[in-house]
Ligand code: AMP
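Shown below, as structure tokens, is a lone chain in the form predicted alone; questions about how it binds or moves come after it.
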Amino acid sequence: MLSVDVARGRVLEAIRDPLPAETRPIEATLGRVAAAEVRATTDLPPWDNSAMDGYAVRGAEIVEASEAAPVVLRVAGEAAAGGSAGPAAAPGTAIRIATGAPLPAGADTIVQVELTTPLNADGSAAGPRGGQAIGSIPASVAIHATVPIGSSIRRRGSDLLAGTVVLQAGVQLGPAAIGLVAGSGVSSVAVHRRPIVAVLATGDEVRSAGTAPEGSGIPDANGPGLRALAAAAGADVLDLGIARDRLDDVIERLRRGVAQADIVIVSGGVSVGPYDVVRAGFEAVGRIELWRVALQPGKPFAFGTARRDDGSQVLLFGLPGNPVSSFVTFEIFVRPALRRLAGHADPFRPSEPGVLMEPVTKGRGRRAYLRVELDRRPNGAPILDPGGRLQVRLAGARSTAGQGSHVLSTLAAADALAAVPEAFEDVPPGTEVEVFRLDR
């Protein structure tokens, strides 16, 4: 059997390049991966503007302003967001200004409206102290406090300058990145195409979820589960249905998947039983690159490749039929391959140091990936041991079947997978493990 690291390395070596790039409107790039760096086409902000509703003034003229002796300035006009900067702030004048409006010429300070009182031409109050700066422009304004010169002004380019790299190639676009790219004046981005993943379940006993499991039939957990895993990892998904344990049925569905998808995943039929026909199916449509890995759960794992008529390559993954083994092998082998195809700079989940809080027994010579739950405080925060490691326990304490590869309830309860090295067999409490948090 191949080690996990060697097998995963060979899977990733089969992917020469990410999928081709396509240019998409920025609104359609959520979750996609940038295929090239993106540079700002404008300064951000594009011009000096106000960070407050209030009045634009010459700061030197209000240095003596106080509650007892407010400074009164004539209001010479206003500047609105989306409009012009309005008239210049000549000596002895103020310009009423809205948040985001361009800074008028001559002004170097914004006095927030809360520090002002609008006045009529006769000096009487035209509105309440600190009221909203709306309605008719007052004849003058009383300023009741000094503010530092330069206050509440967003300077041109203070966020970023035109030509600045705002997105690196290989970075996934989230809401914040999309906002930044759009705000920097860029309307479309080159992103890698989403991988297309086709999923096939196999087994005479497997029935579509929701149908009556006649005789020894069981509901199909792998098909829906694997399609969900692929979609969560950023793929577009195709359903190849459920194949009977007949080579002709498997081959027909595999050919359909190879014609349409970048990755074909088959669950079940990859072991050495009399009805395990997936390996032969892979050899009929392509070639087997590796088979069987020193992994617990998930030893019966197959990986191969196929070629379409246009020369493009399709990755073939044969995963075990037990649902937990299927999930784990997807996480260890398929997800990194899918992310590399999608253009991610790092295809792997980040790992964190953890410590097992209870004993575990595993097979010697195989790396075990345990389904674990994190010890948590009442507020949900993970508990760390004195060495800063996550404290983890086997998931699904209520299950009587433990960590069996068929036990879906423990998978649903798990926060993470904890990797135990090959050399261990009886694993005592306090053993350090590598923890990979899962999407919940």
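Numbering starts at 1 and follows the sequence shown. Please read these numbers as outputs of a predicted model, since none were measured by experiment.
The same protein also exists as the form predicted together with this ligand; that form is not shown, yet it is the one meant from here on.
- Checking 262, 352, 220, 78 for any heavy atom within 4.5 Å of this ligand in the model of the complex turns up a single hit: 220.
- Contact with this ligand in the model of the complex, defined as a heavy atom within 4.5 Å, holds for exactly one of 296, 152, 322, 140, namely 322.
- Of the stretches 340 to 348, 221 to 229, 174 to 182, 82 to 90, only 221 to 229 has residues with a heavy atom within 4.5 Å of this ligand in the model of the complex.
- In the model of the complex, this ligand lies farther than 4.5 Å from every heavy atom of residue 113.
- Contact check for residue 104: no non-hydrogen atom falls within 4.5 Å of this ligand in the model of the complex.
- Using a 4.5 Å cutoff between non-hydrogen atoms, residue 268 counts as a contact of this ligand in the model of the complex.
- Using a 4.5 angstroms limit between non-hydrogen atoms, residue 205 touches this ligand in the model of the complex.
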